[in-house]
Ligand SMILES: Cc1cc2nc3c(=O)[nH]c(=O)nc-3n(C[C@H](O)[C@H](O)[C@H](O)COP(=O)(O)OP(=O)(O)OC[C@H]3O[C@@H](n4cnc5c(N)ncnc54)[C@H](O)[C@@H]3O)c2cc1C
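Only one chain is included here, represented as structure tokens and corresponding to the form predicted alone.
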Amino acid sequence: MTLVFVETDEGGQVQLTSAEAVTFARTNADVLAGLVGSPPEQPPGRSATSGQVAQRPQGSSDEGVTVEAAVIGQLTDAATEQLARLGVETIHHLEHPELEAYSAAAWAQALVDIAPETGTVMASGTPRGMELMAHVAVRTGQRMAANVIAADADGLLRQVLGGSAFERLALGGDLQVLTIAGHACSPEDTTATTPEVIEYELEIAVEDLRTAVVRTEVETTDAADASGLTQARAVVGAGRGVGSENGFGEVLELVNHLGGALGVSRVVTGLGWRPHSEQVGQTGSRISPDVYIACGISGAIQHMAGIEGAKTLIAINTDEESTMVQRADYAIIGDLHEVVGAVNEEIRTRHG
């Protein structure tokens, strides 16, 4: 069995990256099951944390390869319907007053208590998914593979060094713990299931609540939010080449013409020209638009890791030797203000 930790947003919808992880689990279910096995040296056995009483229902697994989801906190009808379309057979709903605020240790132990003895536990490679799976791996005494992008009979393939290289490995062990890199696959609906929803009575150990989120502050900005950036079909990227915080005029106009979103490099946010919510890259958002137009971006490893899901890459840069130009499907060598300005003028002319 494969258990996927599913993150939901404030509206109760399944987050895009979690939908991708569920799709990865379903489309690779047989392969993942075939990779489960004892390593040369058996890791320490699972240690139970006192106070935890959640138990998997009898007869809930063991027959065939199934994909199940774990949702901590609110479970909406919309999320249930989304998971049904994604092919989830069982939803484990973990709800408790002490779990309303995010606490890595407490949430991880809740997942450990319902995890299969043999199989796979995974999450999307978000900051929360990474942290939780690291805790799960330690508590179960198993190895963990982060940023997995593919699986086959030879093992797992994962991104390393900011996406500039790949590593193939086999975890071994009876339980595999993984995170799936953002946009490693696209969410795919299948024949809708009618998932069984299992509720649990939980007791939370005091020692697992030593750290928890106590307050969340939403950054207020006129810029497009990160969710719009990750879901945009067209993204226009801007780097140091724009020149200053007042140099985004042509780029923003092109974003408006395309009905897309603005994405920027780490240098731009570091200089304070644009908010971090617009940053694309290893420490920002990972995107997979139909087209990414990189304006004045050299192509640092960290940035390239965030755009590898783009279907078509267009570079506008004065440096024809830059990484971005070399990696682009199409490249225009020239000043971005002149090039983008000319594109905008042509679009205005054609629109009358």
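Sequential numbering from 1, following the sequence displayed. Everything numeric in this text was worked out from a predicted model, so none of it was measured. Each form is matched to the other, and the largest set of C-alpha atoms that superpose within 1.5 Å is called the rigid core.
Keep in mind that the form predicted together with this ligand is missing from the display, and what follows is about it.
Proximity to this ligand in the model of the complex, defined as a heavy atom within 4.5 Å, holds among G260, G87, G239, G119 only for G239. Listed residues Q109, N147, Q279, Q82 were compared with this ligand in the model of the complex; Q279 is the one with a heavy atom within 4.5 Å. Just one listed stretch, out of 124-132, 186-194, 150-158, 239-247, contacts this ligand in the model of the complex at the 4.5 Å heavy atom level, and that stretch is 239-247. A residue is said to contact a partner when one of its heavy atoms sits within 4.5 Å of a partner heavy atom; T27 fails this definition for this ligand in the model of the complex, lying far away.
Contact check for D9: no non-hydrogen atom falls within 4.5 Å of this ligand in the model of the complex. Within 4.5 Å of any heavy atom of this ligand in the model of the complex lies no heavy atom of A19. The closest heavy atom approach of R266 to this ligand in the model of the complex falls within 4.5 Å. Although this ligand is not shown here, in the model of the complex the stretch 331-350 places heavy atoms of G334, D335, L336 within 4.5 Å of it, in sequence order. Residue displacement note: D9 has its CA displaced by under 2 Å between the shown form and the other one (rigid core superposed). When two forms of a protein are overlaid on their rigid core, residues whose CA moves 2 Å or more are considered shifted, and Y102 is not one of them between the shown form and the other one. Once the rigid core is overlaid between the shown form and the other one, L75 does not reach a Cα shift of 2 Å, moving by less than that.
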